[in-house]
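To begin, one chain is listed below as structure tokens, in the form predicted alone.
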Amino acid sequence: MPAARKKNLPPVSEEALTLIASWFRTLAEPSRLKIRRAREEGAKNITELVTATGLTQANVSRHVQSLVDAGMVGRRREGLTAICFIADPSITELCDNVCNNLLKRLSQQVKKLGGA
């Protein structure tokens, strides 16, 4: 098990912890993760996100709004079209870290079970 990083972090208030938990809850929705993943290839409008995710237009719009409210996604107007883009690149790094960790853990479990 890796050693814990020691940092002199400031205390975190209950209000801050509530905000942090809310931010993570935003990412805890699979549809929002699909939308986030689809935007890794570049900015997309709502129609392109619908095609990329298989979600309905109403669902994509609702989830994009949640991601915008959390500051994870930005939205700009080009004529009548809303273009969505990743506003916080650290989200991609965080998701990559989580995916890599899960792959590593699952690979270790497969090895323990006598798999490849």
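Being a predicted model, the structure only gives us computed values, none of them experimental. Each residue number is its position in the shown sequence, starting from 1.
Just so it is clear, the following notes concern the form predicted together with the DNA, a form of the same protein that is not shown.
In the predicted complex, the DNA sits within 4.5 Å of a heavy atom of His63. Contact annotation: Thr53 falls outside 4.5 Å of the DNA in the predicted complex, judged by heavy atom distances. Using a 4.5 angstroms threshold between heavy atoms, Gly79 counts as touching the DNA in the predicted complex.
Shown alone here, Asp88 lies farther than 4.5 Å from the DNA in the predicted complex, counting heavy atoms only. Scanning 20 to 55 for heavy atoms within 4.5 Å of the DNA in the predicted complex gives Arg25, Glu29, Ser31, Arg32, Asn45, Ile46, Thr47 in sequence order.
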